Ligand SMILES: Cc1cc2nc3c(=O)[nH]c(=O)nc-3n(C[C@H](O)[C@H](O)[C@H](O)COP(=O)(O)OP(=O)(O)OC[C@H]3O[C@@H](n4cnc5c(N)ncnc54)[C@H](O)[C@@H]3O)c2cc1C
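Here's a solo chain for you in structure tokens, the form predicted on its own.
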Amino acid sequence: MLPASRLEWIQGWGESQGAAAYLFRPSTIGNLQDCLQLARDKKISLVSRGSGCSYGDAALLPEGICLNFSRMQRILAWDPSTGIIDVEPGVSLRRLWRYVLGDGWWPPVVTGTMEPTVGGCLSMNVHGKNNWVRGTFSEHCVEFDLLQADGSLRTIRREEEPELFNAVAGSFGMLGIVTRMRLKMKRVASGMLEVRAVSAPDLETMLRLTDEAKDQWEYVVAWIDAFPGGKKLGRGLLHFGRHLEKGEEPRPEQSLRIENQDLPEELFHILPKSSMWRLLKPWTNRVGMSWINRLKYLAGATIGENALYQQSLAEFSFLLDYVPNWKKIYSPGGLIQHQSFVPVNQAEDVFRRQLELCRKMRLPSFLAVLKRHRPDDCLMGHGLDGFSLALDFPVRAGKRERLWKLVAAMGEMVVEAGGRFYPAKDAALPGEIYRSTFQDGQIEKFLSIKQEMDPEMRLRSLLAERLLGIG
């Protein structure tokens, strides 16, 4: 048995699921190798955890070893002339952008929060608001060092071993432990974006505007009011963004300074944002969120219609960081998210049916986000030529079973349309539905690679057990 002092309760980011595991915080490759040896000696498995931003069970492993990478967040090398940076897996997106921005660089792909680690971003092959233009996170990784389950270390370069590279990226961390990665940053001439806001009165218009914008703007993201039905179903607001070019900003060196990018700590220079979740919590119910969504849409469709303004990279990119601890509005019970990826010609029908089913089951999404995507090369990739719809749901006592049934029903619609799912956000999708989205032998090939690289199944997680049948 491992020391009971190391046993900790660990939750997914959405706080709807948790498990007790033996927590280790390695700081070196040697520490990681020791943990692997310990797992072999004790005949137990390991799971990696970055900053814990995956919504569900990606970093959960009951009574296993949980590797927390908070002590492996060193910048190993940086070349501001090329934008190439070597980092340890525990480096967060926050640390990454703050390190490179002053030299005129920015991460090509970031999530809606700056808290995920680069190790987690590669493991889940995350995407951003510019997926159509820049693709997924792994497309900007040149190489990485992989610690294998037997304790050996190897360097995998995209150009030399593209098949293995694309199997590890997006593998949930099941093929090895990334200990170093080399990333290519994007050159920027300013720390500001030009942003345009427009409204869409219905789902058809929303999809059309999103598609039209994808070739004109670097960033395209849409918020949907998931409460109304009928002709108003799928209405919402869109935001398009593009980087300012050289000469468009009088003093770009100022907007590239970190202190001019930090998100404000107060709302209207009065109310501390750290307290905002407390004000929102009484409204976190079906009636309250219906009114909040309605007012947000009306404001955007009137005074905010066709607004054109400048916004800092951090302000535009990291909307989920505006209200610290906002997930507390969902406690107790937490929240889950379901994100469907559907081909272009099927998206309107599938998303319409999903939103209508949510209304019918009286489980409307409190937050809905639409994006445009392109295919990716990863073996277990979620990318396709189409749209994604991410739906957030509170997990309430007495409604959990019904919510899980809703997720399964929406998942079946995606399978019928030839779509995919995003494991980083998932907490409730049945494994058979997830696996049925891969029709070209990807699951079998992945499990074959897994068997070759980790025959004792030392690297596991509840997510991998649920979705891939690894166990």
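Fair warning: this is a prediction, and the values are worked out from it, not measured in the lab. All residue numbers refer to positions in the sequence shown, first residue = 1.
One more form of this protein should be noted, the form predicted together with the named molecule, which is absent from this view; the next part is about it.
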For the named molecule in the predicted complex, the stretch among 247-255, 286-294, 273-281, 175-183 with residues bearing a heavy atom within 4.5 Å is 175-183
Report yes if any heavy atom of Thr113 sits within 4.5 Å of a heavy atom of the named molecule in the predicted complex; otherwise report no. yes
Exercise for review: Tell me, yes or no, whether Val344 is in contact with the named molecule in the predicted complex, where a contact means a heavy atom of each within 4.5 Å.
Suggested key: no
Next on the checklist: With a cut-off of 4.5 Å between heavy atoms, is His127 one of the residues that contacts the named molecule in the predicted complex?
Outcome noted: yes
So, in the predicted complex, is Ala424 in contact with the named molecule at a 4.5 angstroms heavy atom limit? yes
Partner-free chain; cross-checking the named molecule in the predicted complex, the single residue of Leu320, Leu298, Leu357, Ile75 with a heavy atom within 4.5 Å is Leu320
Contact with the named molecule in the predicted complex, heavy atom within 4.5 Å, among Trp326, Trp106, Tyr99, Trp223 goes to Trp326
Restricting to 52-90, the residues within 4.5 Å of the named molecule in the predicted complex through any heavy atom are Gly52, Cys53, Ser54, Tyr55, Ala58, Ala59, Phe69, Pro89
